[in-house]
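Just the one chain here, laid out as structure tokens, in the form predicted alone.
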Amino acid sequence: MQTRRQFIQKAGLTTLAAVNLPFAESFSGSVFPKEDKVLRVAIMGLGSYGTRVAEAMQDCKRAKLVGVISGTPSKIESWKEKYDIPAKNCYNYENFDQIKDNPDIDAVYVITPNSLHKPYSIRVAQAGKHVICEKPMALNAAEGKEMVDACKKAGVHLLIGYRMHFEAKTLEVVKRQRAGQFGKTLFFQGLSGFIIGDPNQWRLKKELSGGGSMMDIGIYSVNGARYMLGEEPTWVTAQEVKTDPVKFKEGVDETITFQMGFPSGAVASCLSTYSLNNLDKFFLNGTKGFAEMQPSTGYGPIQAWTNQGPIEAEHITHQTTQMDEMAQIILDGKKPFIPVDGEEGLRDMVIIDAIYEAVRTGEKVKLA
């Protein structure tokens, strides 16, 4: 039986293609409402984050965990018992294409190493099931585009696991920015980082992760700059620092600082690292006020305040809200305030490709 750790897909950065995707564009494919109006989900990849999602889904009202896909039989058995999952809804990585014949599964949440996101998401789509894929959606923009195209061809949704797009305090800051409360917003700072542990984990293997801190934690600042400013960047510059070449081998970035420029004249200054803790901060500054969040993207509670005082909102487990909201997107055709579709994920991959290109060349990289 082939496990995901045995499957290695070689990564390769691609040159940027001309991509011009509006910020608020939403999925235009078919919607398949179910009579019971509950999204029935199978989780693929039963690691630590898959477990976190499963636990959160126990409190969902519109989404239900009904199946699992794993290369580890012992995990399947324990999940079957814990979450009352029928044997007919359990698959491994070799036979999960058979979900096409299982009417009890509506969607699959792909939570595997990054290199497996594209092939497994495409197989899920070809089986006629909606795809929820953890971020980053792929190793690069070219792969992301393949995923978007495959899901459109199959007539299924492709959603990316951007849990922060549904978090209450984050949404409040974004709505205030859109309403002009901070005036013309001209600066964003995103600090994303932590000290990574086990040097043998898949996140530090380029063939599985596609990179290092940028692909894991830096994407929060890339994505956050976009939804906080409400614009798409037109250029990026970036610099890499590596203090431990043994732990962070060739192609696995330890620390990257990067900058982005936007059409309005706004700029973003960001940091992504695997070597420092206490880095989970967003700061948005405008001509009339500011917003600050720290922690800004952790599992919660999020803390946020503006020049007018603190932002108050009940903390709900992010993945619970995410899965309920995604159920409404798929079943009801709901349009989220901040997109979470495949095109949204693709925009981040285009920018991350550009950041790596800027690190490699030392040049400013323009985005179409």
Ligand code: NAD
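In this text, residue numbers run from 1 along the sequence as written. This one's a predicted model, so the numbers in the text were calculated from it and none came from an experiment.
The form predicted together with ligand NAD is left out here; the points below concern that form.
The pocket of the unliganded chain is judged blocked, since ligand NAD, transferred from its pose in the predicted complex by superposition of the C-alphas around the site, places three or more atoms within 2.4 angstroms of backbone or C-beta atoms.
Using a 4.5 Å cut-off to ligand NAD in the predicted complex, each of 93, 117 and 161 places a heavy atom inside that distance.
Site annotation in the predicted complex: the residue of 136, 218, 210, 144 reaching within 4.5 Å of ligand NAD with a heavy atom is 136.
Just one of 165, 123, 169, 203 comes within 4.5 Å of ligand NAD in the predicted complex, counting any heavy atom, and that one is 203. Partner contacts here mean any heavy atom within 4.5 Å of ligand NAD in the predicted complex, and among 304 to 312, 45 to 53, 59 to 67, 328 to 336 they occur only in 45 to 53. Residue contact with ligand NAD in the predicted complex: residue 111 places a heavy atom within 4.5 Å of it. Of the heavy atoms in residue 281, none are within 4.5 Å of ligand NAD in the predicted complex. Proximity of residue 75 to ligand NAD in the predicted complex falls within the 4.5 Å heavy atom cutoff. With contact defined as any non-hydrogen atom lying within 4.5 angstroms of ligand NAD in the predicted complex, 299 is the only contacting residue in 288 to 304.
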